[in-house]
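Just the one chain here, the form predicted on its own, laid out as structure tokens.
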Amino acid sequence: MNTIIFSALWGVLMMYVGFIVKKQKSATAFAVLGLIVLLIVSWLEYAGVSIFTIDMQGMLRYNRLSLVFNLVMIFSTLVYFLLSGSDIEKFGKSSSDYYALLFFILTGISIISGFQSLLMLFIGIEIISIPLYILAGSEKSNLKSNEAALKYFLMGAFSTGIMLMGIAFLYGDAGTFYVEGINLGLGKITPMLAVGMVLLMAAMSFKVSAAPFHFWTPDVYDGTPTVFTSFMATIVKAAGFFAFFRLFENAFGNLHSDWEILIAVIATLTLLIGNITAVFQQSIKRMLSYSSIAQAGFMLMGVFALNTFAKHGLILYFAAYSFATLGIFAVLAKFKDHSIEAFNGFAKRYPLVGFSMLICILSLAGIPLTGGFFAKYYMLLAVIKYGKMFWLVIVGILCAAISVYYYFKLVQAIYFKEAAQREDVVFTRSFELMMLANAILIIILGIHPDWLMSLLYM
């Protein structure tokens, strides 16, 4: 409850900061301060200290996994603010409005991390989604941004309707909204239960851009201002996957053998479509959009397995994937040209930022000594330990090999090509140091992933 209340209150405060503070950098500093406060109160809750005690009638319950997830998401958002704060300041008359929306999204994330009722899952997802529609269309003079917001809103509303229909079917079958009550009542699968479960699976697949519900992702990510695309593709996607995992573990765990084949097929399609389509992209932004779909395929392996390795691997995946993607998007946001050719000879002009981008790219590709390597390793290990459908592991390894090809096209441009025409981009010293710190974090996760996962046992 600490995180929910403090993130909501800080979001309200950010709405009024715009009237008081005239300098945009002051709003960014206040937002960073808010995240530091959130980290502290979340750590206190992790340590067993609850500032607020509210009887939620069992609709919200936080275990160690949920609390560690909250810490990872808040810290990732802090990295996002530090890397991209200067780009957020460029939008609108007051950046504090956008920071307020981001804090409200964190409120929704905190809700879905501990939901025990399908009603709280729905409320949490809507609190996340509505601010995202606004952020997608924040560049009002850009038709692509307007198109992205409209597409995201229409598709999001459609998927929400599917989710509500699924919840209605489950309530009609089980007579309760509580996930534990649904799971305990599962003796055998009934037609109403099957329909409700499939509808929820489709709705959650849309939220995490899993195939074949991924069609909105490239256009929305491409049209949304780059600085907000990075948040959508990392923190928001991770929150969707955590909700997906908790829903199917707590509500349908007793029917695991009945739905595992559906998740395996969705994961396979997601891996193949995401990776193969990314190969043919010339825009880095669209390539990263399809890459995010491909990464979703690996995370779906955790939902498929539902074991301890899946839980540990997902937490590591959320951290490694978020840090790497936030780093690349933070650099990309400073470019007008998002083609791969725009980065030709980049490392010669900006060696520190070029090296940091290299680490981020290697992590996304799953190269050893980066966090992404162990993240993918744990997902594959989760499937192996589950002991079924080993072909999913083979598909994952083959798709990881394909991803190396298109990621290394960017590495080749950064290090091994001469730029015919360079865009004049200025990186501040503080930005370079933040990028380097982010790269070091990724390497630390690659060498000692146990430092993060040990929090699940402390």
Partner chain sequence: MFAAFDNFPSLLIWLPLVAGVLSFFIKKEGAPRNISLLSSILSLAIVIASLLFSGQQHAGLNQVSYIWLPDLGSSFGFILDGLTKILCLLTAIVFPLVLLITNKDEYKNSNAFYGLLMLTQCGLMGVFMATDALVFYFFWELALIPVYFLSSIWGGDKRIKATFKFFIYTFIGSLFLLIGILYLYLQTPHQSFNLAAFYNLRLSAPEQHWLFFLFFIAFAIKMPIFPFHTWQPEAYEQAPRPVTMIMSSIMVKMGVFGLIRWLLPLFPLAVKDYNTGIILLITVGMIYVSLIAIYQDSIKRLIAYSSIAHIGLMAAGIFSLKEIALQGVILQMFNHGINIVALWIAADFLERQTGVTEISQLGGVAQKAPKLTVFLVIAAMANIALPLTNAFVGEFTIFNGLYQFNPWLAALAGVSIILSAVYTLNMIKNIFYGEVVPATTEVKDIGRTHILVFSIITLLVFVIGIYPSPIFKIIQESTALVLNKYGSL
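Residue numbers count along the first chain shown, from 1. Just so it is clear, the model here is predicted, and its values are computed rather than measured.
Although not depicted, the form predicted in complex with its partner chain is the subject of the following passage.
Query - Interface residue in the predicted bound form among Ile54, Ala47, Ile394, Leu433, criterion: non-hydrogen atom within 4.5 angstroms of its partner chain - result: Result of the distance check: Ile394.
Query raised in the report: Taking its partner chain in the predicted bound form as the reference, which of Ala203, Ala264, Leu380, Leu193 has a non-hydrogen atom within 4.5 Å?
Result: Contact residue from the list: Leu380.
Report task. Identify whether its partner chain in the predicted bound form is within 4.5 Å of every residue in the set Ile130, Lys151 and Lys285, based on non-hydrogen atoms. Result -> No, none of the three is in contact.
Requested in this report: Mark His448 yes when one of its heavy atoms lies within 4.5 Å of a heavy atom of its partner chain in the predicted bound form, and no otherwise.
Outcome: Contact check for His448: yes, within 4.5 Å of its partner chain in the predicted bound form.
Query raised in the report: Do Lys385 and its partner chain share at least one heavy atom pair within 4.5 Å in the predicted bound form?
Result: Output for Lys385 is yes: heavy atoms within 4.5 Å of its partner chain.
Query raised in the report: Could you tell me if Leu33 has a non-hydrogen atom within 4.5 Å of its partner chain in the predicted bound form?
Result: So Leu33 does not count as contacting its partner chain.
Requested in this report: Determine whether any heavy atom of Ala401 comes within 4.5 Å of a heavy atom of its partner chain in the predicted bound form, and answer yes or no.
Outcome: So Ala401 counts as contacting its partner chain.
Report task. Within 4.5 Å of its partner chain in the predicted bound form, counting heavy atoms only, one of 99 to 107, 364 to 372, 120 to 128, 81 to 89 shows up; tell me which. Result -> It is 364 to 372 that comes within 4.5 Å of the partner.
Query raised in the report: Though the partner is not shown here, which residues of 383 to 417 have a heavy atom within 4.5 Å of its partner chain in the predicted bound form?
Result: Contacts from 383 to 417: Ile384, Lys385, Phe390, Ile394, Ile397, Ala400, Ala401, Val404, Tyr405, Phe408, Val411, Gln412, Tyr415, Phe416, Lys417.
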